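Presented below, as structure tokens, is a lone chain in the form predicted on its own.
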């Protein structure tokens, strides 16, 4: 694999990481919550799509549209039952609450589906195996291109939503100062619920891509959380476009590491993450911002 090919494949991989990390970035940007159950929610979304596909024979993309209202409702319920109460109890409590939620989701999935690995790659048609060969041995994956296009459209739509709609303005105002937003008539409780619902829905999209491009099982969530968290930190905590760039950087770092030695794939991504922590946060404060 040439270096150029490694970079291209890394961009496709990074687009997947960016989609996976987007919901995590939204929750942190709006509520200052690091959701430790984010990866497990993505895997839960993959299982919901898997059940619909197995029951109806739909394609995974159509099944995701059917599953989307379920995940949005789950986000609302999660905020109004678990996160809302934990947010009132300090910084540590939401971490503990989402950690507990992660364990609950994993165990429920283990009970319901067994530890067997699953995949939706065989149900997605030719898109999982199709590719275009470009001059110089460069291979462009159809699935990778779809994920990249979806990632750009997703972040573009979120930017438009946050900057051009009343609901987006309310979300940004609440992210800046929830108490001040309450004084001008914004219901921060409703904003938090909508933000969580949006984050869970996007996490489910990441779970769909995970299920199509590879395999998953009930305990796949923590690994996905690590990659999503690294993408968020590399791009800048709470920055949407930064999350996209952070995901791309992480993906390219991993594929370049694999180009040197397959064993270095995850290591190079972790080293990039640590380097960003040292350079950006070594002596300063975290940058808390939504899309500007």
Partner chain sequence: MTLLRVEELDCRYGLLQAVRGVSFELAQGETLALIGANGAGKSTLLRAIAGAHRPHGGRVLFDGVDVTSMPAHRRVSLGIALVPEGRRLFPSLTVEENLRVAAARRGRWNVQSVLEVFPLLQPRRHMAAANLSGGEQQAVAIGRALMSNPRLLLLDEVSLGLAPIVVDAVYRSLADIIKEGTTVLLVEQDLTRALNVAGRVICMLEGRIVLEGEAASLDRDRVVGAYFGLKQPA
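Keep in mind that this is a model prediction, so the values were computed, not measured. Residue numbers count along the first chain shown, from 1.
The following text describes the form predicted together with its partner chain, which does not appear among the structures shown.
Just to confirm the contact call: exactly one of 175-183, 115-123, 203-211, 78-86 touches its partner chain in the model of the complex at a 4.5 Å heavy atom cutoff, so which is it? This holds for exactly one stretch, 175-183.
Is there a non-hydrogen atom of residue 107 within 4.5 angstroms of a non-hydrogen atom of its partner chain in the model of the complex?
Although its partner chain is absent here, residue 107 would stay clear of it in the model of the complex, with no heavy atoms inside 4.5 Å.
task = State yes or no: in the model of the complex, is some non-hydrogen atom of residue 131 no more than 4.5 angstroms from a non-hydrogen atom of its partner chain?
result = So residue 131 does not count as contacting its partner chain.
Hey, in the model of the complex, is residue 193 touching its partner chain, heavy atoms inside 4.5 Å?
The answer is no: residue 193 has no heavy atom within 4.5 Å of its partner chain.
According to a 4.5 angstroms non-hydrogen atom cut-off, is residue 170 in contact with its partner chain in the model of the complex? Residue-level check for residue 170: yes, a contact with its partner chain.
- prompt: Within 16-45, which residues have a heavy atom closer than or equal to 4.5 Å from its partner chain in the model of the complex?
  reply: Read in sequence order, no residue approaches its partner chain (within 4.5 Å, in the model of the complex).
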